[in-house]
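Let's start with one chain on its own, the form predicted alone, as structure tokens.
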């Protein structure tokens, strides 16, 4: 033991490692206590606490055996006779030293375990997903914060349960981290339609799949470009129905998710915008196949089919972007974020957010300047102008991200069919079965036209 102590003391590498490990251990404990007290909220401080500090701590520990190995090589080169380490627990000092080594080892294991657990938990937080890789994930993070599912953590939908799902997610995260480090991140980031978990493992944990909704009333509010921002309200009755509840005219939109009906399809593109083949299996096992024009059945004989579920229509439930500037501004006017009693507010807001800007700062400044110049000297209430500027800036900032090449319509939403094919990917009166039947595009399938 005396030899080990003398070797350790004169070994600078081991001493440096001990100093680093000790300093990092103290820093980790202090930061952990501050984090538990709620005093650390910045996501980058979490990265320091659970990644950087534990990594430095482990490096310090590795320096200790490295220094002993270097010292042993030095002794061999000097042809010095190495002394054998003799452990004799009958010697009180050796018992004390051994107890100290065991205590330090146990403390190290506790620190590493806490850091590993905390690191795994931290990397599953929404803040880590959206803010650490700020530029890359900014569009998805901003949209998530403004969506009804903002209180649902990213991992609830993007990472499954079990060890296999966790490993797959971490491997994917490692690949994405490499893309960030090497600057190879695709812009815009493609939608993860092929890697999303089945809807019943995500949506079905909160939403009741068998719920019968019947007919639901939806009101769409639009505004004109005239001075009064004239409002037009369109009231629609949606035949939502339920998976197992028939309505007076068919089963409703949620018929597609029925347990008794199996709707399967093949898409010809990664975004599932083009669907040339659809197969429907009825309750009694009867099968009907529908083909788009100029599509041969044999071309899809061996192609894996996807069973239709919630996210085939609700494909942007947590990251929704407006498809056009007009629809985004109309929504802001309807919600009061842009004052509808400010003359020409709709026209000027649409014009301001439709411009092409190289950065967020440039866009916000240009929007403020555009609206400010238009209303200057017109006698408009200053508070309404300020609200209009703030609301218009928020509309742009929530939908356009120049650094990631995300703009209006980049991520199509399949609910409806106004700005993207949506329902008409299949319901186009062109997908035809062998007996001549088609997948109807009749509005009455989803809407009550008699209202």
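Positions refer to the first chain, counted from 1. None of the values given here were measured: they were computed from a predicted structure.
Omitted here: the form predicted in complex with a small molecule. The next part is about that form.
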item	value
Selected contact from 184, 192, 107, 287, since only one has a non-hydrogen atom within 4.5 angstroms of the small molecule in the predicted complex	192
Partner-contacting position among 240, 98, 291, 267 - heavy atom within 4.5 Å of the small molecule in the predicted complex	240
Location of the small molecule contact in the predicted complex, chosen stretch of 293 to 301, 374 to 382, 135 to 143, 340 to 348 [non-hydrogen atom, 4.5 Å]	135 to 143
Contact flag, residue 426 vs the small molecule in the predicted complex, heavy atom cut 4.5 Å	yes
Heavy atom of residue 57 within 4.5 Å of the small molecule in the predicted complex	no
Interface membership of residue 325, the small molecule in the predicted complex, 4.5 Å heavy atom rule	no
Residue 229 within 4.5 Å of the small molecule in the predicted complex, heavy atoms	no
